[in-house]
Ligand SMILES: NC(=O)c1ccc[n+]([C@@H]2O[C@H](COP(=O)([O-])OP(=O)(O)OC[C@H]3O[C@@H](n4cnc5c(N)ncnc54)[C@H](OP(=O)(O)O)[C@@H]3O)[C@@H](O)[C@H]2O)c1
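First, one chain by itself: the form predicted alone, in structure tokens.
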């Protein structure tokens, strides 16, 4: 598709159908092509990955009928806005977009409009553009395929905000060598990336929770110690192991009960920084007023520079958040991107029609320790 054809054409996209019936959350439709602004890029999609936020936006009524579904995409740059630097036509990229809420753009589409601040560019010499992952399960691997690249961007944006802004971890590894971070839910898509960030980029020691079947996998990513989150004594065991050295805590599951466990497991540390991926703070749980605890409220959408309202809560995209995130995303992350691994992948058959199956797998909690991906 040429630039002029794109301006006047329509293209295929998975949109919110208006139904909440099983297997009918989305429908495939032709949507009118929107023109990019001078600050955006246009990407020809190759692969997609599904996140819990996708089905929740649909089922909980956060996105209107007709909105383009999806947040995670990988592909090839088709067009670059005049003010954009660092990208050119033909670049291999993955991107995160606030999908499920607009008709102009969303990930599960033939073409996707992206803000460069949530886009990752890959080294073409290390990327296997010809490799297509077959339908089925694929182990965690370096980000060298379109399926793998599609699976990480939302998670990377989330963890970048959490570590650089919400938790304010010092970027100098030497200053973190004696400190632990407790990551509750290490086998989640975000947890897998957070473990790697903590160890590879920040030099932290890592404690995490998961089911026992994932212990060895998480240790291969950098976890120093793993605990079974279904163990009734898990909190006391973590406190005993940490011995007051757990300086940071990240709850990737983000239920009040998991955030309470994170809080309780770090109570022997004099001062601790805690973060939840759904905006939970001390007001959401039982706390001890004598403790010195700071709370983050990480939400990936705020990286796009706008305040975000989900239900009754609004999360601010402050100038400080923007500065911390931008500095990390543009100057730190590129140094490590070719060392990071994707989640384990569950690949579905090619075609936007697979979006319905992917959304149901997550809605019905049929996926554990894997990221669901499929191609255009």
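Just so it is clear, the model here is predicted, and its values are computed rather than measured. Residue numbers count along the first chain shown, from 1.
Beyond the structure shown, there is the form predicted in complex with the named molecule, which is absent from this document and is the topic of what follows.
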Judged by heavy atoms and a 4.5 Å cut-off, are 211, 229 and 300 together in contact with the named molecule in the predicted complex? yes
For the interface check, one of 330-338, 32-40, 345-353, 51-59 should have non-hydrogen atoms within 4.5 Å of the named molecule in the predicted complex; which one? 51-59
Even though the named molecule is not shown here, does residue 252 get within 4.5 Å of it in the predicted complex, heavy atoms only? yes
Is there a heavy atom of residue 190 no more than 4.5 Å from a heavy atom of the named molecule in the predicted complex? yes
Within a 4.5 Å heavy atom cut-off, is residue 9 in contact with the named molecule in the predicted complex? no
Contact of residue 278 with the named molecule in the predicted complex (heavy atom, 4.5 Å): yes
Looking at 158, 269, 196, 118 here, can you tell me which has any non-hydrogen atom within 4.5 angstroms of the named molecule in the predicted complex? 158
Which residue, 140, 176, 287, 258, is the contact with the named molecule in the predicted complex, using a 4.5 Å heavy atom cutoff? 258
